[in-house]
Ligand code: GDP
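Take a look at this single chain in structure tokens; it is the form predicted on its own.
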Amino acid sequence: MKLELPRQTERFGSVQINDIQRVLLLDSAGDDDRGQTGVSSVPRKSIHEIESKMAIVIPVKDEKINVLEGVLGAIPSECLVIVVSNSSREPVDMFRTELDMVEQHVHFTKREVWIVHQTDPGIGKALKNTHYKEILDAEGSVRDGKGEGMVIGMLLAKAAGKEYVAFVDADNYFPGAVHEYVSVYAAAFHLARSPYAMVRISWASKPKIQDGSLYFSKWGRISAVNNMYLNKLISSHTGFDTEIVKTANSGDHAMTMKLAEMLDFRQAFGIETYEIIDILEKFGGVLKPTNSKPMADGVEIFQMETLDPHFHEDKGEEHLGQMLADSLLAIMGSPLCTETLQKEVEAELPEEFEKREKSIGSFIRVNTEAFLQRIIKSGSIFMFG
């Protein structure tokens, strides 16, 4: 794979945010020539080696089963796939449909897939017994939220001994795009100089039907708003305007496990924006550092622009409004957010949506091996392959 080197880098304490790097060539078998002529070439061998150390987490909620099957088929066989479903169980048991599809997929592909339902009672009991209650509701079940499901995926990835954990959305209609995302994650980790690295996908475009024909828009409405306010948060401390963040709401992203262990997370749709905020809070030098190692090694954030467009399910205005509210609340609730910026963000909040502001903490203290053994014993996880 050939990648454009970043043309600009914003430094915020120990955090390095790289500007967009475009994928120039999807497949390149040549030698690694990183740092030369503004282009890095990452050999196939290096990509496959990193993919073998990576878990791909797919959060699912009532997606079309054919679309989910396409996403599964696009993920390289070297990767462990972890499906975390929050799909309905009645009147139609969508999780059972997903489970049957995964079992059939593995029968023909001979690859490894784990699948759980995040509200399974065994998951809640295992989390309670391993002293991680932040994602549980009053009844002891995992709350209904994307962030909560992503954390379960990270716990399982760590239990599997993976060095990298990545996420792909389950509603992507182009399987080839998913395959590109995973290759891009691996290529970026190959280029990273720090063990604390994050890769976030910036789609080439998001096609939509407009006036009877396809229109390839560059930015979604929610992304444009959240990118703007996240950049304003950075600018309020550096004193210089910036547009460096272009992936505030990237559901397709990846982290080294060493970085994932250090972060706190946020419930529901606020998790993707909050990951960047938490990195700035912990390692940006404005607030008191919580861990000296990432401060010394630095934290790298890569933003990679793909060749493939991102064509996904349109889930309606209510879904988009809740995404916007969750993300803006994550920005507004940060101690890095100045009083002036708080007022500006608050004015943008859609009042009719649920104000979810809960942090769900870090999972570093969780004994993931004990967690995995408990859910295996309770029958709460299905492990194929």
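Computed from a prediction, not measured in an experiment: that's the story for all the values here. Numbers for residues come from their place in the sequence shown, where the first is 1.
The next section is about a form of this same protein that is not shown, the form predicted in complex with the ligand.
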Looking in the predicted complex, any heavy atom of residue 323 within 4.5 Å of the ligand? yes
Contact of residue 61 with the ligand in the predicted complex (heavy atom, 4.5 Å): yes
Give a yes or no for residue 264: in the predicted complex, does one of its heavy atoms lie within 4.5 Å of a heavy atom belonging to the ligand? no
At the 4.5 Å heavy atom threshold, is residue 86 in contact with the ligand in the predicted complex? yes
Just to confirm, with a 4.5 Å cut-off on non-hydrogen atoms, which of 282, 162, 146, 253 contacts the ligand in the predicted complex? 146
Counting non-hydrogen atoms within 4.5 angstroms of the ligand in the predicted complex, say which of 269, 274, 167, 189 makes the cut. 269
Complete contact of 18, 193 and 278 with the ligand in the predicted complex (any heavy atom, 4.5 Å): no
Looking at heavy atoms inside 4.5 Å, which stretch does the ligand contact in the predicted complex, given the options 288-296, 234-242, 133-141, 78-86? 78-86
Quick one: name the residues from 336-373 with any non-hydrogen atom within 4.5 angstroms of the ligand in the predicted complex. none
